[in-house]
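Just the one chain here, laid out as structure tokens, in the form predicted alone.
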């Protein structure tokens, strides 16, 4: 029997960020492997006119939780949604709910964060640093708490080439940053942000590093561990391959390329695409929760959840497999020929031309205006180009992460736990995973019917023919204009025509003699 699954039975668990991508998979795995757990508290903010309970029902009604409903039919009774807003220093939790959390919680999984690379520093500090500080304060008042697991990112120290499983200090103390965000105006914050983040690429990685420092400084007597996943992608195996529900990471790029919006991006083909499946991260998280609570390490351990040092896959290889999957299962209603020049341009070290991306969007918006509809494509394309620009830092570099603690933990697990809570990325077949990832984006994120693949292939064929016809016509027009203006071009043209005529005549002569 799984020791980890048995450990979580009867526990009261608090998950922040439970409505996010990783939070949902974490809840699903907990309910599926430990259906006898007592309760999962989730902090939820009403969104888009939905109450907290309506958001819970929406999560449970997704395909992700189908297996859970079979092994834990009363799953909806075991989720306790608590209204909270991490933008407030006290989370805006009412007194009764706060008292219940403080008196009952056994395990905390802190997954909540803003993952927007271009987020304003004030907002990023609030969610990634101040909220962590507030949660640690709550945790220190929980008499039954056994473990506090903080989810960070492997890129919190991306300004370094080699990253160990240690907490690296930031030049400015987190408390000073938190205090300054309360009284500085936005203009001053905008001015000092580049100086504060230094050689880090964005506010996300900077504030996640500050959050780790807060965990180290204010952990007190708590049993704490930090997990640093790299780029989190679709599920590998559990509860089924390819499940994904957000546009972060490679998912947005896959959609943009598959729909034909994205033609190229500057990248280094041999740079390691340090991608980890979300179920791998969740399995490690649950194993770390068990180990931290049961073995109570003397210091805060950091666990890297990365793939590059154990089972590397570069961006070039990934791009080729994405391209191959597009051929098998094209995306519906592609704007233009999908994945054109994907291999030669999307995964290269050359600069792409933003004009080549925006021009079709401008033309399409002009068509929408003529037909009385609201133009939208240019806005979408500008947003996509901004996203691509922010990702370029990560697709042009490789890092080395030590994984001593992660490997130590794997050796501590029983064979059954290694099977049920598998986080060994060495077993991952990248070609198979990437194909399932692309199909998962098509099926679960875009909600496209897999039965429509033959029709999509016909649409792709028409787009390809139009693409070839347009390029041929453009070449002939350009060449004709060139011939009209240049004697040298005319001489070259007559030479080519003459050569082709003689070449064909050579093959016709033997044929004529035979007749």
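In this text, all values refer to a predicted model and were calculated from it rather than measured experimentally. Numbering follows the first chain given and starts at 1.
If you look for the form predicted in complex with a small molecule, you will not find it shown, but the lines that follow are about it.
The shortest heavy atom separation between residue 232 and the small molecule in the predicted bound form is within 4.5 Å. Residue contact with the small molecule in the predicted bound form: residue 167 places no heavy atom within 4.5 Å of it.
Contact check for residue 47: a non-hydrogen atom falls within 4.5 Å of the small molecule in the predicted bound form. Of the heavy atoms in residue 208, some are within 4.5 Å of the small molecule in the predicted bound form.
Contact with the small molecule in the predicted bound form, judged as any non-hydrogen atom within 4.5 angstroms, is confined among 149 to 157, 133 to 141, 71 to 79, 282 to 290 to 149 to 157. Residue-level contacts in the predicted bound form: of 246, 398, 89, 237, one residue has a heavy atom within 4.5 Å of the small molecule, and it is 246. In summary, among the residues 301, 127, 215, 121, the only one with a non-hydrogen atom within 4.5 Å of the small molecule in the predicted bound form is 127.
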